[in-house]
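As a starting point, one isolated chain is supplied in structure tokens, in the form predicted alone.
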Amino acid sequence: MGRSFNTIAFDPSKCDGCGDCMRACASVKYDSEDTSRSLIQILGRETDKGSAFELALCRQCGDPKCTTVCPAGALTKNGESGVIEWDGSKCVDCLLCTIGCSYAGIALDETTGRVSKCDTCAGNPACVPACPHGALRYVTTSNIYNEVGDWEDLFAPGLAGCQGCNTELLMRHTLRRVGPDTVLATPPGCVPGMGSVGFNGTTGTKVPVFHPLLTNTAAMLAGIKRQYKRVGREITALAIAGDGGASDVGFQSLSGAAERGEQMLFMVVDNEGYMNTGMQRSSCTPYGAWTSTTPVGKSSDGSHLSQGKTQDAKNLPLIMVNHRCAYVATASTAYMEDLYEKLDKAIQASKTGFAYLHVYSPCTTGWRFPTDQNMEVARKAVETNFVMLWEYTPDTGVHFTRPVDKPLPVTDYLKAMGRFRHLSPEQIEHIQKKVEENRRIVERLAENAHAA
């Protein structure tokens, strides 16, 4: 397997050309206020829709052309950090590298008369925190690839999910991390529907897996864990369930296992509905959302107009906090490092008590958005505080792991999906107020934990 590297990512839709990133770079690298010396350049242009901005920055390419065209060997790619390094003692100032770069990432510094390029500030780029709008991000998820990329995938190849679904991604990452000493329970829903329990006498999972009822997943898993303990073998009892199998039909066994402190990891893949059986609403379906059982339009007799679900979503993670579980957390596949850290903590907590991990998983089919937009929808949910990322233990209480202090308006999230296309201004206002209310609830819990 090759090696992956960290990178600086740019979102032009969030950039307003303020130049703060350039000023930070020039100051750190040259103790200068001259932004022309910055190793990152934001270039503006006018379009029919207004100003647009582009990034000129070394991308630390995997197959860098600048190193290929350098006649003196002054440019080399560091195999550990991934940074393309410049050796001034070898450089002959021919500037061929500036022609070889497609991104204008290496350029002549007129003050010194020599080329200059970004070196990511040794892994702590000054430009990223200087950006007031979040247009720059330092993406470090390569650490996950480098660490676990060679580990065995404990799901068989070829599981059948909808195009663009990220649940299979979540399944594979989770089981690879939990490891082979695992017994897996997947109640009815999208996870077994993809083939985790197999068919025709085969299985899609390389660890023992069973297919409980929606109503008894946690109870059956608790019994299996206790039997393994009785015979002296240590295993991880893992459930991967949908929101229907946890918040609705399966809640009684989930709540009972949590109250008893059963030693298991219960992961909920929340796609906010019964998506595997026809996209029906669940108690985790948000207010106003279209589903096949909360339709939009006039009733068959024309007596009333339906505008989607009329109730707010159940906040299942906060309900689990009230069970005083050993560990509770929310996560999103748009923020894999955060997810992996919480998965590690949940695995550890499941050795002594009940661990609950609630992962928000956009459904391209049921939520009605293009198949290539799954991660963007997941990201927008967090950026608007529609979804908040936090964790809880009895000792530390609740605290945010990725706070969003300047959230985008909730409309930025809602407009990304067809299931909210029908919303009236009053419904959007209701959702915005509910998002703010939920934020205040979690903030108060976090403040109380900090005060304690």
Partner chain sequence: MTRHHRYPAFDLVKAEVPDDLCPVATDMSPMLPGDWRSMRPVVDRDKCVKCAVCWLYCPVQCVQEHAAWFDFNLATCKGCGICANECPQRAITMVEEAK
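Here the rigid core means the biggest group of C-alpha atoms that line up within 1.5 Å when the two forms are laid on top of each other. Numbering follows the first chain given and starts at 1. For clarity, every value in this text was computed on a predicted model and none was experimentally measured.
What comes next is about the form predicted in complex with the partner chain, which is not displayed.
For the residues 124, 352, 371, 310, the 4.5 Å heavy atom test against the partner chain in the predicted complex is passed only by 371. Proximity to the partner chain in the predicted complex, defined as a heavy atom within 4.5 Å, holds among 144, 104, 91, 96 only for 144.
With the partner chain omitted here, the record of contacts in the predicted complex names 164 to 172 of 164 to 172, 272 to 280, 248 to 256, 213 to 221, defined by a heavy atom within 4.5 Å. Among residues of the shown chain, residue 441 is not one whose heavy atoms approach the partner chain to within 4.5 Å in the predicted complex. The closest non-hydrogen atom of residue 139 lies within 4.5 Å of the partner chain in the predicted complex. In the predicted complex, none of the heavy atoms of residue 319 sits within 4.5 Å of a heavy atom of the partner chain. The partner chain in the predicted complex comes within 4.5 Å of no heavy atom belonging to residue 71.
Along 142 to 171, residues 142, 144, 145, 147, 148, 149, 150, 151, 152, 153, 154, 156, 157, 158, 159, 160, 161, 162, 163, 164, 165, 168, 169 each place a heavy atom within 4.5 Å of the partner chain in the predicted complex.
Comparing the forms between this form and the one not shown, the C-alpha position of residue 151 differs by less than 2 angstroms, with the core used for superposition. Residue 424 shows a C-alpha shift below 2 Å between this form and the one not shown [criterion: core-superposed Cα displacement of 2 Å].
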